[in-house]
Each structure stands twice: as structure tokens, then as C-alpha cells.
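Only one chain is shown below, in C-alpha cells, and it's the form predicted alone.
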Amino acid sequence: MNKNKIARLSKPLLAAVTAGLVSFSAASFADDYPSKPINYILPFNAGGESDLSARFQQTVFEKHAGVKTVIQYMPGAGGAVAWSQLNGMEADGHTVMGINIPHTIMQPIVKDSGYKTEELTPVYYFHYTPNAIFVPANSKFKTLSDLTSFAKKNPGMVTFAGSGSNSANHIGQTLFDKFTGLTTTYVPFSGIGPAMTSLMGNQLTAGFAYATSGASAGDKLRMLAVSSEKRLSAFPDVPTFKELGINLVGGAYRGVAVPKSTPEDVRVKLSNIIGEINKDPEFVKKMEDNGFVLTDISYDEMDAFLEANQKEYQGVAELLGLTK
């Protein structure tokens, strides 16, 4: 057999062997995952809902993953600073990032955010928080009717603090204005933590925030209405917008994402770990006591979930005239 023929035979054999080694290596890596602490990056400041829910996960993470998780913060541009950098990070499953809807759908629709929705890789959405309107505890506005009456007489004078631009809070405030015929002013902050701190300091009229802020703020804030389908068990005395004649329902989903080159098997395993945490009684109690609504949208359900939400929020953007 001549050398050329040997070479022709060797190339496909080498390719087959290489493919087998790669497959074996990936499978072995997934079997060992996670093998070190997981770096959990949050795209907002400390003190908000993303931080609080991640901290609750952290308390039981090692029980389900076998390793600890370390929480870090990368705030800016309503989360876009972090999401635009996610795919350049280490892609072995030991670097994960908090991810939110509608933020990661609306931001690229409205402007160049440094990333596209389809470039992100969420593996699990584990909870939902409805929007709510808050005022400082010492505010003269005791009910939503008090606030809307003042806003009607003083267009633009009511200021709402919220987390980020083109976020769930921002969309909620914009729809609130549209449905009521009012003109209010939205003031975006780098996260819900600083937004609520500013509100508690009486620097703004009100907050278009998340219902969970009612638990973390205690008696420093008064919740006037919540944008859920029905009253929340954590806040049974707070009416829904629908009860008050405003057809406003909405909020934010939060989950965990990985860089797009993360191996498929690792994505699945991480999704399973987050799913186990979502059923842990200690975690469930903390979440529900603080007004979070648990969801179980795993990696194998992700495509359908994202498609439905992209369709919904594309419609919202067109309704509000927010498209580029």
C-alpha cells in the first residue's frame, strides 16, 4: 500500500477518533460538573429582587449542586452592560448570570443594547414578580385613586422610580399612563434597590416597582396596587389594578443564563440543579414569604417560552411606539 493511500485512509480515521475523543471529553466534563464554586453574576445592584432571590438560592445551593456559589454584581444600563458581555465569559458552566424578561426582549427592540435576545442562553426561569405601585409611608396618597386624582390635575408632576429603562417597571408605568390617560414621569435607576432607597427618602412621588419590595421595605412604604391577576397571599390587603378598573397585569421573570458556547449537557445539568432548588422547602418558604411567585421553566421548555414572550413584547413595543 503506497503512502498516499495510507494518508487517504488515515484522515477519516483520524476525524472519527477525534470526534470520539471530543464526545467522550464533553460527557466526562458534564459528569464531573460542577467541580468548583459557581460564579453567579447579577446584572443589577445589590438589594433588589434579583439579589434577594439569588441570596435565597445561595443558602441551599451547595445542598443540591455539591459546590458553593459566589454572587457578584455587574450593574448598568438596566442589565445590558452585563448581558452584552456574557458570551465572552468562561463557558464551562461555572460562570452563570441572572437574566430577566421583559428586559432582554425589550432592550434590543428599542435600541442597540450591545446584544440580541437570540444571542442569550437562559437555562431556567425560576420566579416571577408582578409590578406594583408604592408610595412612602408618610405620603399623602393613601389609595391609588388619591394618586391618580392628583396626577390628572398635575400632568407630569407624579414621578415614578423604577429599575432600568425598557424594563418591566418602565413598561408597567407606560401602560399605566396609556390605560388611564394620565401623564406621569418615569425615573430609571440602575436597580430596584437604589430606586426604593430614593423613594423611601421621599425624593420621588412614587415607585413603579415589584410587589416583593413590599416585604423588603417593611413599614417604610405603602403598596397601593399590584399588577397580578389576583391578590398575592403575602399582601392580601393590596388590591389588584384589575379590581380598581385598570386592566394592567405584568411584571418580570427572572432566571439563570450561561455563555452560548457552554456545552449542551452542562446546560441541562445546571437546569436540573436550579429545578431542584426551586422545590427545596426552605427556599420555597423564603420566596413565598417575600411575595415571589415561583415558576418552573426548564431548559427543555425554553424555546417555546421565549417564542411566546418575544411575540407578546413585540406587540407591546408596537402598541407603545417603542420600536426602533
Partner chain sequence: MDLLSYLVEALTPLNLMLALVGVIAGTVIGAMPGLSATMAVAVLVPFTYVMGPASGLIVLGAIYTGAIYGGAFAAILVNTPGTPSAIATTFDGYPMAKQGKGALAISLATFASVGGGLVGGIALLLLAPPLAEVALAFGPAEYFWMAVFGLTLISALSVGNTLKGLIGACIGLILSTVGVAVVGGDVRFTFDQVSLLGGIDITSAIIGLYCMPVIIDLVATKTPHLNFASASGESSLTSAFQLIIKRKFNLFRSSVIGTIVGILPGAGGSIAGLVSYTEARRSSKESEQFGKGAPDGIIATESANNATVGGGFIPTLVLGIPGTPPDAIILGALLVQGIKTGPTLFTEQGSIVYTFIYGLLIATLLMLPVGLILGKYAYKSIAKTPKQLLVPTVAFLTVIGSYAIHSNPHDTFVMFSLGVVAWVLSKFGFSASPIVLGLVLGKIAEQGFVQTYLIGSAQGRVLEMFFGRPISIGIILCAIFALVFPLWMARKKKAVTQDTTLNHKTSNIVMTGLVMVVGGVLLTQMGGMSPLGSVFPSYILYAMLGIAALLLVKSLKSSSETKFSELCVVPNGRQLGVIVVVGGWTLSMSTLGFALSSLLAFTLIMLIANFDKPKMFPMLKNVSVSVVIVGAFYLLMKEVLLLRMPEGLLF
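Worth saying up front: this structure is predicted, and the values here are computed from it rather than measured. Rigid core: the largest C-alpha set superposing within 1.5 Å between the two forms. Positions refer to the first chain, counted from 1.
The same protein also has a form predicted in complex with the partner chain, omitted here; what follows describes it.
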{"property": "Contact flag, R222 vs the partner chain in the model of the complex, heavy atom cut 4.5 Å", "result": "no"}
{"property": "K242: touches the partner chain in the model of the complex, heavy atom cutoff 4.5 angstroms", "result": "no"}
{"property": "Touches the partner chain in the model of the complex: G201 (any heavy atom, 4.5 Å)", "result": "yes"}
{"property": "Proximity of G114 to the partner chain in the model of the complex, heavy atoms at 4.5 Å", "result": "yes"}
{"property": "Sole residue of T180, N87, S165, S139 within 4.5 Å of the partner chain in the model of the complex, by heavy atom", "result": "S165"}
{"property": "In the model of the complex, the one of I246, M74, I109, A91 near the partner chain [non-hydrogen atom within 4.5 angstroms]", "result": "M74"}
{"property": "Answer range among 224 to 232, 157 to 165, 141 to 149, 120 to 128 for contact with the partner chain, defined in the model of the complex as heavy atoms within 4.5 Å", "result": "157 to 165"}
{"property": "Contacts with the partner chain in the model of the complex - residues in 244 to 281 whose heavy atoms fall within 4.5 Å", "result": "none"}
{"property": "Large Cα move at Q72 between the shown form and the other one, threshold 2 Å, rigid core", "result": "no"}
{"property": "After fitting the core, A217 CA displacement of 2 Å or more between the shown form and the other one", "result": "yes"}
